[in-house]
Structure formats: C-alpha cells, structure tokens
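Given next are two forms of a protein chain, the same chain in both, each as structure tokens and marked structure 1 or structure 2.
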Structure 1
Amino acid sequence: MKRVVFPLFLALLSATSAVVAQNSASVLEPRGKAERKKPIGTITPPPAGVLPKRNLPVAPAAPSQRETIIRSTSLVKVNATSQGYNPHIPWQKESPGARRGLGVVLAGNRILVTGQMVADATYIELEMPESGQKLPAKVVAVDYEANVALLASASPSKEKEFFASLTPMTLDTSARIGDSLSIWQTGRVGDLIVTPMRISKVMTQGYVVENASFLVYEATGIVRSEGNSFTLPVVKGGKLAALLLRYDSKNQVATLLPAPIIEHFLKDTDDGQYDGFPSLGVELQQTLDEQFREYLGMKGGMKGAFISGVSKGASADKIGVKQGDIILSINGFSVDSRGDYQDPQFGALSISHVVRGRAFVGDKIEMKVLRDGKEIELSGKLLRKQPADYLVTPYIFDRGPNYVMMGGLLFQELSKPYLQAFGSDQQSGAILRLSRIAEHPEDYEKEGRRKLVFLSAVLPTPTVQGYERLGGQVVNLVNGVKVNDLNDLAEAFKTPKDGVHIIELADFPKLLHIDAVSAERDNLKLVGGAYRIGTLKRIQ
C-alpha cells in the first residue's frame, strides 16, 4: 500500500494560509478609490433662516417614520482581536488578526453581533461612532451554529457613562417576501449610511457551521463597503429585522440572519443559562421519483420524505426514529415529498425550521412516520447535540485542538476544521479516507467510540526513526487498550508492555513499536525545544 507523506512544515503552511484567509474575509468588497460621493442616507439640514413663504407660523412637525429610521444612537462600533490555533500544529497559535463591525444596542446595555465577530477573540472593545469613546467588552452568550453573540461591558465603572446616550433597539420578526429593509452602516465620522434592500426569498441553509441549517432571508440591492465587515444591522421601520451574513456583489444578493432566529437566541439567554437551538438529527431524501416511491410503498398521492440517516444521540434517535422511515408530519405540520412544510408566515420551508426556529430545547416533539407500510406516532423531548458529543468535532472555537504527543508521534481527535485546513487536498490519500469517515461515522459510533483518534504527524526523533512518513491512520489499540478518545490513549501510554509501546492502527503499517524509555527521553527534549511545544498534551 502507498505510504502517505505528512511533512509538518507543509501542514503549517496550508493551515496558516487558510486561517489568514478566513480572518481577512469580509462580507463586503473594499470601497473603490474613486467613490467619494456623499454617503447614501445622510441628512442635510436646511439652510439657516429659511422659512415658509409669507413667514406664516409653522406648527411643530410630528415625528415621521423617516426620522425614526435615520437615528444612529442604537449602533456602536465593535473592534475585536482574535487568535486561533493551527489545526495541524495544535500547540501553536496563528498570527493575531483584527475584526471590525457594528453592534446593535439592546435593552440592558447588551450588544448584539454575529458569532464570527467574536470567534477566538482575545480582546473586544466597543467604540462610539462619533466620539471614539471606548469600552472593553466581554461575551455573555454565543452560538456559533446560529452565528450570533451577545456582548456586555467588561468595565462596570464606565458602563453607565458609555451607554447614557445610546437607545436600545427592538426586534421586528414580521418580515415576509417582498418587504423593504435597510442595511445600516456608519461613515468615517459616525454619519449613518442607509442602503435599501428587498426580500426576494426565504429559505433554510447553513450559516457558518456545516450541517446546521437555519432560516435565512435573501435580499437584493447594492451594498457598498464602509469597513464594517463582520456585523451589519438590517432594519425595518426603525427595528432590527436581521443581521447581514454575506453579500454577493456580482449578483447583488445579500444573505441575512433573520430576527426570528435572533429572538430565539435572546429568549434562551434570559434565564442566564444558554441551552442553544435544538436539532432533529436526520438526513432527508426527496420522494419525487415514482420508482423510488413504489419501492418505499408510497401509494397514490401520499406525501412524506425518506429518512436516509439518523444521528446517534440526537432528538430523532432518542424518540425512536430509524433509518428508512418516511416522515409524514412533525408537530402537526404535514411534510411533503421534498421535506418541506407550509409555514404560516414564510410558505414552503424545510422541516428543520419547525425544530430550530419554532421550538426550544426541552419542548415536546411529535412525529408521524411510515415504517414497513404502517403509520407510527413517536414523541419525546427536543435535545441539542453538543459539539463534544459528535464523533468528528464539527467546529472548534475559543480553544485549541486536543492532542497527545508521545516520543514524536502526534495524535489528534478528528475534526472538521482539521480537514478543512487542507483545502482541495482533502480529496487525496489518507485525507480522503478521513473525510469519508467524517461524512459517515456510523460504523465507528456503533463500536462505542466517543472520538476518532488518529496519528496526524510524526516529528523526527530517535524514538520514531523509520516512521517519519506516516500520518492519517486511525488508532484502534494502544498497549492492548481500546482507544475511544484521547483520554483512553493517554491512560494506555502509562502501561507499556515489557518496556515497549505497541500501537495498533487501522491501516498500513498496522503495528508500531516504540521504546517507552526512549520516548520519554524524547518527550523531555520536545518540550520547549525547536518545535516550541509547551505541553505534551491538551485534552479538554
């Protein structure tokens, strides 16, 4: 079998490039040098002394809707310094980066931003758009799946003064297809820049994290960049209707995180304990093909979607849903052959919104499925499967990847960020094999594995001479102990067999033998050595 080369310096280069690109990404394009016109939405006062004809008395004008919309006292600038870890060299941090965005002031002196804004943040501060007054901030709650975060002051003594002139904004969850919205930005001196948009589509899709679909609005309009790239508010009638997620300048289409998802997040934080959005944990397949319908026993105009996969430990698994079932209804909503239901506000939507948008963790779920030609009713409580509960960790923020080093052998737990850091190289060699496991982990879950531990790289030390070209092999046993996670691995290394560590791999070369005394000697040299390893393991 062909051996796979995992040079450490190549992994470092690849991962570093990926992270730098991510940190520098913006939802908007840079502003052109030639664009120096007056910002859209700024208000010019009438010349002093200008009065109506005949100098007739003028009654005070009632506040108009436009006057409400152009207020900018509900926005603050948010500046964050971030520094994540290198997925391939897990003891090492990447170069720090900076992010800028606009935060929305909410009741209780809280600030709403996207989760991306504060991911891996080492310092966060709030800044007044006009005066430049600053206030250190902290994260109160964050959900990276829903890409939303709540900030509060980290300096109680300065909080009252900072928020004295700010006005909390409320939510508007009534938006529908065809409604007009406005994206708010601030100019160089705090002037408000208003860009009109119109909702053209409502659907569900992932925000940042894979396999986590939420409600989104798509809106059309021209948006220009003012340097506030990571969080921009979208307003309807002076109320917050959404946050800008992405903007496609070529097609002039904006993807928006809608107020119903923000409202769900804020309600969840009210009790001081954030539970997160529940998940159903199923993969659906359409039943539009007539031959497929006949094979499934779906007669006539029967509707429903085929369940092609059930995530272990998720809500559907807990209430008894099985792979091969056909879902007919969920919480009273009929499911069609595309896996959609008719939402009273938005029309046809994926059933994922019934769970993530219309329910909370702990709420009751009722499902009707077709199994072996018979209708079965199932019920239970909705759960949220935490990132740590997945065999392959879906995302890692605000901490470093777990790892164990032994005599130059680097072991890690498989994660989606580790695979994504390879970019297009995911489709070759051992990385392709690991990618396929990440997509279909069912066999390893049935074995009782909590995490998938694999040999990710080999540092050149005397102990592992001859093994330098290895990498990407799943670890089954160490010293006769089954490895279900890195804790098992670390414990197994405490008991070598006759002074030798025996490592059994799932692929070539199957068995590794390393001298335990020599490995400990190399461990001492690695800490603080040329590779700048601060500790031989991290298990969180």
Structure 2
Amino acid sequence: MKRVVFPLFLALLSATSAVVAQNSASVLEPRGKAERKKPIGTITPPPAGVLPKRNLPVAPAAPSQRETIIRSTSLVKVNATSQGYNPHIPWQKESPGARRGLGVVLAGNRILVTGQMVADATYIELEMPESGQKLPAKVVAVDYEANVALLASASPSKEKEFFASLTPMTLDTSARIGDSLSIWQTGRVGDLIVTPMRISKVMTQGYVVENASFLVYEATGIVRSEGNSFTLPVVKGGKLAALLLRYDSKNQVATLLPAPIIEHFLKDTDDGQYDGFPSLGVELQQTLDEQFREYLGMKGGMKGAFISGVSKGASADKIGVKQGDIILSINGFSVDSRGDYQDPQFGALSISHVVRGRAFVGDKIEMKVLRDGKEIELSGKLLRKQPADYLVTPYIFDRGPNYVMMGGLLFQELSKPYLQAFGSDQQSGAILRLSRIAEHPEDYEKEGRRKLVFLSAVLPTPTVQGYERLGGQVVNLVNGVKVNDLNDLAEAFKTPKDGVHIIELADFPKLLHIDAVSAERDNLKLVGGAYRIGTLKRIQ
C-alpha cells in the first residue's frame, strides 16, 4: 500500500475553530487553540508498571461498578503528537500538541482513526486500554478530505504480540434514519463506556477541510467526553457504523462519519493505489421558484436543479456540463428541484453522494441535462481534482508551506491555511484581495498561473531597505519572466538584469528592485543569523 501524501495543513485546525466546527456550538474534539492542550478530562497515562496506588484498576469506587465492566477487544487507544508549520513563518514549526482517540482494529493488523487524529503527526503510538502496553504506529493511508486514516505498526518485532489479543471489527453500512447506535469510549482502566444515540438525519456536509462535502449521519444523545476524544467509534450490533466527527453539546447532536465513506476509503486502498473520492465540480441552485422555472422553460412538474457554476477541470466540466444547464438525472437517479435524489437507503440526499459515496475515480458518469429547452445526455469518466491542482491550495498537512526567500523578501504560494491563520477579523486590504482570489481563481487560472505567488512578508535586511512594511502583493513578473508558480520564481531569480532583480507586483507599489549580490549576501545571513531560516526555499 502506498502512503497517500497530500499537501497538508494544520492551520485550518489551529486558526479558526469556527471554520472547522461548522455548525456546532461546542465540539467534543478539542479544536482550535485548545487543540494544543489536552482534551478536558484527559487522563495522563501513567508509566507502565509504576501506577500510583489510587489508580490501581482493581480498586473501583463502587463495587457494583466492577460487576458491570465490559470490555472490547477491538479498540485501542491512539496517542498522537502533532506539529504543524506556521503558515506565516513557513520554515518554522509550531509547538507540538497531543491528541488522543480510540482506534478501531481492522483486519490485517490495521487501525482505523480519523484523518484529523494523525494530521501533522510527529509520533503516533497505540496503547492497550487495559494493560497500557504500547506500540509505535505509522500512517499507511490517509484522506484528509474524507477524514479517515489507516494505521499500522511501526515496530515489526512487537506487532504480533500487540495484536494477539485483539479482534478485528467489521463494518456495518446499513444504518439508516431512526436506527440506534452507540458511541464507545473507554474509561480509565479500559472499561467500555457505551452511550446510546439515535440517527435523526442523513445529509452531506464538509468534514474538516472545506473543499468537499460527504455523507454524514446526525444523531442525538448525550455524550460525556472521557478524554479519548479525537476519534470515537460508533457501533451498531457490534459492528462499526461510524466514527464520531464532532459533537455539539448545546444541542446534543453528534455528527458522524458514516461506514459507507469508511468502506469506500478502505476499498480504494485495497489495490495499493489510493485514488481518493471523485468529485463532480458543480454548484447547484434550487428551481422551486415558479417564475424562474417558467423562465428556464421547465414545464409543469419537471424536476431538476440549476447548475450555477462548473469548476474548471473537474468531472462535470470534462464531460461538457455548462453553467445554466438544468441537471435532470445522474447515473440513473432523477434529480429533484433541490438538487437531491432519492437514495434507497437514506431518502432525499444531495447528488454529491451519488458521485462521492457511490462511485470511484474512473467510474462512468452519465448525466441528463436540459439546455436551451432540449434534453441532452452527457457521459464520461469520473475524476478527482487533486489539492495540488487548485490555484489556491485548499489544505496543507504533513509538510510545510512552500516558499522562496530572496534577500529578505519572502514569497509564498497562496493557500487557504495561510488566509485562515488571519482569523475572520482582518477582512480588508491585502487579506480581502487574496481571499477573493481564493474564492474566484478563474481569471488567474486563465492567465496560466498554476499557483498564486505573492510577497507575503519582508524580513529587514539591508537589501530590502524601504520595503519593510510591504506584504500581500501578488507577483506578476520577476526579471521579465511571468511567475506562474514558485519554480518560475526561483528560476527567474537566476537572471538578474545588470545586477538588479526587478520584481513587478499586481498591487501597490507595483515595482521593486533589489541588488542581486546584496540579496545573496543577505540570504546567507538569513540562513545562519537571527532568523535561522535553515533553508531559503521549499518547493514540494
């Protein structure tokens, strides 16, 4: 199996909890700044063998409790240390933080956790809930959009012994609205704490990163965090039905990452080549408004949703879908006026699940659309737009942001994590301009830009005298060369004109000059000097 290396980011998690925890007033998973700290109620695992007396598992407070202790042999504790890069100081890592969760044992000595659990991980270990026995682990597959990851032992010598007493759990994808599920947590001594939940709603929404929406179950019930809160299994009849994605304690609503998505992920990883979830790349609008329907030529009870946007290079674009089309059916499912289809298991559901949940990259896609009053059939293959294919990188995990430093001028590729690290307060000036490019990259993509390169900051060196307060300007040309990504920029800096680098910006003050020799001299000082940059560029 191949480890999927997505460009990654942590800033989304650490910068704005509001963005991550979309509709939950409070979340069970500690996020935002709190992520750096231990979750409330976390029990620091005592070193094996030196348990203080009061923590002895054989001394429960109430005798009756001992009798009811049940255990599961399919759960292990997962402890991960994570450390992301600072989006604004890209050569620097933030302080490490701990995350704890429960992993589900799957066949083949694999452990399933959420992607969030292992994002930017520096060290991962598995721990037996009862004995405290530990095993170093590694990520063998991860999808940060679908928020699932598969772990395996990182220590071949200890693997067999560790897994000997564990039994794999299987998936149950049959859950539907009204079903009762239970969230499993482990107590201090490995005892199982079971919380009942009932599925009240099934829909699609974004998980942790924003650029894709997936199937979720919403379940109601009261969950008390036992500390292992980053990943919790949700079980139906002894089988894994979902993982807990977030919990809104105010409304007592848990959002669950459902087994069908987990199954899709596991199937995809089976062949050793992970393709990810396909996407359609359309934006839909309802056609409930009679006047709009009449205008569009939708007769009588005709169903279908208005396509208000088609993402460049995505599946829909490739098969010829146009903005203004009305989608009537997809892969045999009729589309209603809200953009939903009737799922045999879940009822009305966004058509995004037809593509993401029910199909794989490379599968055939068939769509029927109404265009200029005529029905037309379109078909082709389903694709996936990789994070690297976006002008503005949607998320970055497990690596640092790309940058080029030249004599004190810091250039970066624009990414969502970079913008999100500013929080929601600074929505004017350069941040507003850059945010808009992130929302509407079309014009820049048309220019042939692959990434948006901008001057993000200026470190005060003699070379950049007079430019210290700049930041946020989009780079157009350097030494006469069009800058379509950081590679172009690095190349362009090899050919100064008469010993001077000429940097042309899209924004005020539009034109900068720096001395090429002086810049090289300052580069050396930046690497070793007070700023300890280490390396002058990162282009991955």
Partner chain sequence: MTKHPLLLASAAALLLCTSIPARAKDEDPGASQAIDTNSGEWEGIVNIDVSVLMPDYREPWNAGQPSGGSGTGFLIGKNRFLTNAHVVSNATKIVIRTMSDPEPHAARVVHIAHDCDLALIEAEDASHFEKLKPLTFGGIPKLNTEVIAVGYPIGGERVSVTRGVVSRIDFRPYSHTGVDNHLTIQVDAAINPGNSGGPVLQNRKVVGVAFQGFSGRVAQNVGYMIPVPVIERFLKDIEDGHYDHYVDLAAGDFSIENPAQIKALGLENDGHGVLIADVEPAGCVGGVLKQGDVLLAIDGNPVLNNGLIKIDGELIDMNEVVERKYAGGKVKLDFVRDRKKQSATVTLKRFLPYVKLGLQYNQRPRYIVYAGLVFQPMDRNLMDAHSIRDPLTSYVFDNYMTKKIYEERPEVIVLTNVLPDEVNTYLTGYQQSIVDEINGVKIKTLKDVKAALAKEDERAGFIKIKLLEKGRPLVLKRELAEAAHPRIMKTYNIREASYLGEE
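If you superpose the two forms and keep the largest set of C-alpha atoms that fall within 1.5 Å, you have the rigid core. Just so you know, these numbers come straight off a predicted model, no measurement behind them. FYI, numbering is relative to structure 1, first residue = 1.
- In this comparison, the chain shown as structure 2 is the form predicted together with the partner chain.
- With the core held fixed between the two structures, residue 289 has its Cα displaced by at least 2 Å.
- Core-superposed comparison between the two structures: the Cα of residue 270 travels less than 2 Å.
- Residue 371 is among the residues whose C-alpha shifts by 2 Å or more between the two structures once the rigid core is aligned.
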